[in-house]
Every structure is written in structure tokens, then in C-alpha cells.
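Given next, in C-alpha cells, is a single chain: the form predicted on its own.
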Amino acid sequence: MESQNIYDNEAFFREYSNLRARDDNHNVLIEQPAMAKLLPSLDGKKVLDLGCGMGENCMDFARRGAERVLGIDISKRMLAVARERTADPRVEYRCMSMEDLAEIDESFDLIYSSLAFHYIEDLDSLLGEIRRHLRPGGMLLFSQEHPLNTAQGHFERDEQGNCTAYTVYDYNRASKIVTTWFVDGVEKYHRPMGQILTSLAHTGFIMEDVIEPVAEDWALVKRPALIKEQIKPCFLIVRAKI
């Protein structure tokens, strides 16, 4: 199956780049700090970044002492930025879908993915390939949109416009969703939490951490509206080992 490559859409890429350039976006204030806390020591390790985007995490892994970092992404536009910003010879980028992981003939100590798994239709197959590419004792660390975020739903608000609750429906119906994010026709896949964790367990992973991060005090100072993450988190983060 050919993966959707929305990140090479010119309008989408422009708006996405503008969003990531801001220092008050959800990634900077919630997802990336939570992911960093779960990273193992990378000294002398080999790391594979699935959906590496513009390469920020690949460069960070090298700074943390990784011996080799391979970042893959389906977007030529994203990888062009990554290569322009990266000078470290330990970091390599390849333009390919994570669904083609079987084409990579090497193993890794850490396989990492930031906010990409919700674009994958066949999660079971991907997890099987990830396990096959991990060295004994290797670790998988990934984030994705929270299932409450990919399910259908809306916030309830009081008379002052403050979020008070979140109503969700069709949560247990795993499905492909087509939504609008900067442009129309963005394809994602909704899976309930139980399905995601069961897929990991059945693939042979031992889960160490399952995190639904919320904004810490310093992030709320920067962006007070993130208090609504206490009602409905945007991200799910899982750290698992074999």
C-alpha cells in the first residue's frame, strides 16, 4: 500500500513549518519534554527514527552520544530541511515509508517515532517489523495522537467559554478517518487504547511506560489554554522493550 504523503503538499508543508517554528506549540510544550524523559542512555547505541521529519530528534540522538542514527521519512520536503540542518556524519536520512521497514537490513538498540503511528493502517505488521529490527534488550519509544483525539468528539464549555468536559463517541470503532488539518483530505487511523496495547503485547513487547502527558506548570505559564489537556489529552506515549 502506498502511504499518504501529505507533508509534501506545498500548502500543508508551509503551514506545518510555521507551526513547528513556534515555541508554544503542543510538541514543544507537552510531547517532546515527555518523550525526552523516557529516553535511555544512547552512548554508543544505534537508533532508528521512524517518521523523522526535519531531523530535530536525529540530531539530538547524536548529541546524546549515539554511534549511528538512521532517520526515515516519506516526505522529500522534510528530509531536504533535515539534510540542510545536519552536519553530523553519524546521522543518515532515507526517503522511505516506515511501512517498508523490511527493506532495512540492520538492527538497532532504540527505535523511536514521534507522532507518526496514527498514519499507519496496519499497526500489527509495523510492530512486527520493529521487533525484528531491535537488538536483544532493545527499546521502542513512540508517541501518537491519543485515541480520544482521533475518535469523534467535542469539548463542552461553560457560559464563559471554559472547557468543562469532553464528549466522545464511536471510540471503540477502529476506523480510517479523513480530516482537515491545514488542508482537506488528511488521512489518519483511529484505534482504541486497548487495541494499541494488545497489539504491542501480542507482538512480544513488554510495556514499561504508558503516558498520557499533560502540560506542566512551566508550560501552562507559557500557554494557559493547555489546561484543557487535563480533560482530554492530545498524546499517547509508550515505552516498551523486548
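Computed from a predicted model, the values in this text were never measured in an experiment. All residue numbers are counted from 1 along the displayed sequence.
In what follows, reference is made to the form predicted in complex with another copy of the chain, a form of this protein that is not presented.
Another copy of the chain is not shown here, and in the model of the complex it never comes within 4.5 Å of any heavy atom of Gly65. Interface residue remark: Gly185 is not counted as part of the site for another copy of the chain in the model of the complex, having no heavy atom within 4.5 Å. Put simply, Ser107 is far from another copy of the chain in the model of the complex: not one heavy atom of it is within 4.5 Å.
Proximity of Gly44 to another copy of the chain in the model of the complex: non-hydrogen atoms within 4.5 Å are absent; the residue sits far from the partner. Annotated contacts: Ser17, Gly71 and Val81 are all free of another copy of the chain in the model of the complex [non-hydrogen atom within 4.5 angstroms].
Comparing 57 to 65, 175 to 183, 206 to 214, 44 to 52 against another copy of the chain in the model of the complex, the single stretch with non-hydrogen atoms within 4.5 angstroms of it is 206 to 214. Checked against another copy of the chain in the model of the complex, the residues Ala87, Val168, Cys95, Ala102 give one hit for a heavy atom within 4.5 Å, which is Val168. Between another copy of the chain and the residues Leu39, Val28, Ala34, Met193, the one pair within 4.5 Å by heavy atoms in the model of the complex involves Met193.
Contact residues in stretch 227 to 242 (any heavy atom within 4.5 Å of another copy of the chain, taken in the model of the complex) are Gln230, Ile231, Lys232, Pro233.
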